[in-house]
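Below sits a lone chain in structure tokens, taken as the form predicted on its own.
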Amino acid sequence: MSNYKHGLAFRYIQGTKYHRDQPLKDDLGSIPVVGAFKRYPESERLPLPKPDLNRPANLWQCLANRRSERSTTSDLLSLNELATLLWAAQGVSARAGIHLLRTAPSAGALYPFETYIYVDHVEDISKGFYHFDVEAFALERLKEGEFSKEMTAACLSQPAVRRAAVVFIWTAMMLRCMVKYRNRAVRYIPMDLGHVCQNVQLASTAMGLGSCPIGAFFDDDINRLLEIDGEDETVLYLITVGKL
């Protein structure tokens, strides 16, 4: 007899349901508040150019043509192309009180994730790991060097990672969402990142680039590459982008 309903996936859904006849209470206690933005003040900062938002694109055609493209080339992305992709992912589009609203929706406007990139071949940027400072629209250099082999191995040797010009890496900032949504936060963070990833895919399609979402990876291998703790902050989703 199958025990699949006793597995973590089913227990997670049942355990985070809201019920009309039950109070929305839990035993998590007080959850510490974390900042709305993560920054690396000691890192070298690379300001990004303004994104090119004047490129003509038909939304309906982008939706029809969007595909996961794994066979990208070694041609360089331009810095402006990278900036445009980052803006599509998490560009600030408005302000509402203390919240900087972005190009993708987020539960409670909390944006409980951080955007990192591994750059392999982009014009005017050295290879290595970078953190995206949303508020300043800049990159913070974390680690310079060639890490394509390590990234590919961490992603179960998927060729799309090895071929990519850039790999977007999104981490979940658990407490940033849990402080409001408690255990239910574990539903909202992946939803938020689904919106963000789709923005990158549609932008890539509009720009004639190839992209491929990546959900299979050894989590802690990537956490170690980013030098994050894997608990309060842990990798959750990736996407590769490159020239076709």
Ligand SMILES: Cc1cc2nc3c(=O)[nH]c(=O)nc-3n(C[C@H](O)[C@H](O)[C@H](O)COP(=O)(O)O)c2cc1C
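Everything quoted here is computed from the prediction, not taken from an experiment. Just count from 1 along the sequence shown to find any residue number.
Separately, the form predicted in complex with the named molecule exists; it is not shown, and the next lines address it.
For the marked spot (R66, R70 and A216), a heavy atom within 4.5 Å of the named molecule in the predicted bound form is present in each of the three residues. Listed stretches are 38-46, 178-186, 25-33, 207-215; the contact stretch with the named molecule in the predicted bound form is 207-215, by a heavy atom cutoff of 4.5 Å. The named molecule in the predicted bound form comes within 4.5 Å of a heavy atom belonging to Q158.
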